[in-house]
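In the form predicted on its own, a lone chain appears below as structure tokens.
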Amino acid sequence: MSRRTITRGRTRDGWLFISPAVAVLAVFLAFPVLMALWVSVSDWRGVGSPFAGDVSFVGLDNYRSILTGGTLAQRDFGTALRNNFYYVLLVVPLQTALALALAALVHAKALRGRGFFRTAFYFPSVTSAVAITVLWLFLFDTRGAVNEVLGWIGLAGPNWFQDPRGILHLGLSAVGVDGAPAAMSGGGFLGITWWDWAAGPSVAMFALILLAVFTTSGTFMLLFIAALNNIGEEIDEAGMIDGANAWQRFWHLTLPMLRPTLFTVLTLGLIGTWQVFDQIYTGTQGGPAKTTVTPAYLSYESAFADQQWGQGAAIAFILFAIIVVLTLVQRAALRSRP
């Protein structure tokens, strides 16, 4: 039997072996994605089959309605993108830095009870998102524990989940800038003026940002612990022989060796933060004044509440494109250089 015949037989057996998994993926993943893609370019209203004869192809009309024209749908999408942009901008670096700090802390041999601390730090990640969100609503209530603590140091805490004011606008107001400069009052992007884009996360969204950092850092801490365990002690010992202090050894030796894990954590964080939905749904329902609406929540609202299934599917695909582009940019930025 020739070598070519053997290779061909192995290829056939391989395909037969994985064919059940491919069939499952096609039914439960590929087909729903293709159906959603069709919905995004059709006028389907959620009644009957999207492939029925009375459903028409509308081309890119659903995409145009949320990206152009100055419509309410466009302004809502612009607001959702702005809210999610600040959410990603703050959550991803904060959760990554905190996860790395916690991993370095519980990895240290000098720390007693490391198992307890690992469990304690990881516990928020395995707790129900609904339960954690409800707890957060109590903590950040007007008369909650957070405002009580702020009162001890003479600060009047805001009405967290009812305050739509942007953090950056509040900072500018503190130095006497209460309105939009002329250059920022007109124009804008996606129906939102540049002044509104510069508002920063609202007070309500800031509370949700703290919630996200609290609940996700434990999971990423485990990834960093696994990576730290794979770094041999001889690396650290070599640094000590060369006279490097603890910070220099961490910065110049340990951190570069964590680059693959760092890329994984940043990628997972980026994807997860752009897809945030459950905390919005259970916490604020997009309020106050739509300052906690995100594209994922807006997609749900458009489809299930407003019966605009085409627009909802179009938002989902635009969100998918944003995640893919940002992941590629991040991959290029973290690529190892000679």
Partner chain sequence: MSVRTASPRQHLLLYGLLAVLAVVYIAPFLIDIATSFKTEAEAAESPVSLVPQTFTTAAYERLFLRSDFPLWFANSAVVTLLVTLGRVLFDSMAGYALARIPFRGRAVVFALVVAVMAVPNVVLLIPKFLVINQLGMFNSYSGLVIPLLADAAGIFIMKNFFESIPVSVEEQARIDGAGTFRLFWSVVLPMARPAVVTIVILSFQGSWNELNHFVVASNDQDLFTLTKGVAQLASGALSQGTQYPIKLAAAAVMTIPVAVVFFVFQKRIMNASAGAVKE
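Please read these numbers as outputs of a predicted model, since none were measured by experiment. Residue numbers count along the first chain shown, from 1.
Same protein, other form: the form predicted in complex with the partner chain, not shown, and the subject of what follows.
- Although the partner is absent here, Q74 lies well away from the partner chain in the predicted complex, with no heavy atom inside 4.5 Å.
- At the 4.5 Å threshold, heavy atoms of A289 stay clear of the partner chain in the predicted complex, well away from it.
- With a 4.5 Å cutoff on heavy atoms, L326 does not count as touching the partner chain in the predicted complex; it lies far away.
- Contact annotation for F304: at least one heavy atom lies within 4.5 Å of the partner chain in the predicted complex.
- Within 4.5 Å of the partner chain in the predicted complex, a heavy atom is found for all three of I18, G144 and T282.
- Among the residues A97, A183, L255, V149, the one placing a heavy atom within 4.5 Å of the partner chain in the predicted complex is V149.
- Proximity to the partner chain in the predicted complex, defined as a heavy atom within 4.5 Å, singles out one entry of I235, V130, L168, L89, which is V130.
- Here the chain stands by itself, but in the predicted complex one stretch of 185-193, 225-233, 201-209, 168-176, 225-233, has heavy atoms within 4.5 Å of the partner chain.
- Residues from 290-314 that approach the partner chain in the predicted complex with a non-hydrogen atom closer than or equal to 4.5 Å are A296, S299, Y300, A303, F304, W309, G312, A313, in the order they occur in the chain.
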